[in-house]
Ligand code: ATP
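Presented as structure tokens, the chain that follows is alone, the form predicted alone.
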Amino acid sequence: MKTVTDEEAARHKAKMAKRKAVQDAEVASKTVEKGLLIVNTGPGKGKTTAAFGLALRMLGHGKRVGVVQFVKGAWHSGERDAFAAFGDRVVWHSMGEGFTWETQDLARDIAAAQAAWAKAGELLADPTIGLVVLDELNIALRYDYLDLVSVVETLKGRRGDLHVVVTGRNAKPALVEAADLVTEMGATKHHFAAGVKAQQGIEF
């Protein structure tokens, strides 16, 4: 362990005091409180995982959470079982039937997306819910299964204190523009490329 001299300690303390003053002033200048529209997109792994991290945080503060899955209803996931432990504090609807290359049925995919969006509308209108996760909504929008303008206007018109997280690759520019927070997940390295299969507790 490095030995810290009294002079070094004093310099560090003075430097951190200045930094704290700047940070405190920055935090104090933020006075707006509102429901956020959050978009997790990009080619990297972790978009849905991050959304469920926010859901867990909301639950920790006593809020209710709603989840609609637009694509992933065709397979079982560990997170769904975990959130089931919260009882009616989590309202969960897996409405998808798999990716379009799996169903190979355009009309069926469109119908599933529209049913999921209708269910999402119910959750958005529920005053007891603090956060709505619209998992893989970006996929439904990418393939034009839903009307983009209508979806964006509905999300923009949600009640003022409701937080919404939208996940999925290739977020539409109109949705990005409407969002308060957009995170682009990068794909620097992925174990799939090395032949590692999807594993329980990691991918599902």
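None of the values given here were measured: they were computed from a predicted structure. In this text, residue numbers run from 1 along the sequence as written.
A second form of this protein, the form predicted together with ligand ATP, is not displayed here; the remarks below concern that form.
For this session: Indicate whether ligand ATP has at least one heavy atom within 4.5 Å of a heavy atom of H190 in the predicted complex.
Result: Yes, H190 lies within 4.5 Å of ligand ATP in the predicted complex.
- Message: Can you tell me if K47 lies within 4.5 angstroms of ligand ATP in the predicted complex, counting non-hydrogen atoms only?
- Response: Contact check for K47: yes, within 4.5 Å of ligand ATP in the predicted complex.
| Would E8 show up as a contact with ligand ATP in the predicted complex if we use heavy atoms at 4.5 Å? | Flag for E8 set to no.
Notebook entry, point to check: Does the 4.5 Å heavy atom contact test between P43 and ligand ATP in the predicted complex come out positive?
Noted result: Although ligand ATP is absent here, P43 would touch it in the predicted complex, with heavy atoms inside 4.5 Å.
- Message: If contact means a heavy atom within 4.5 Å, which one of 30-38, 148-156, 174-182, 48-56 is the stretch that engages ligand ATP in the predicted complex?
- Response: Among the listed stretches, the partner-contacting one is 48-56.
- Looking at ligand ATP in the predicted complex, which residues in 132-151 have at least one heavy atom within 4.5 Å of it? Only E136 sits within 4.5 Å of the partner.
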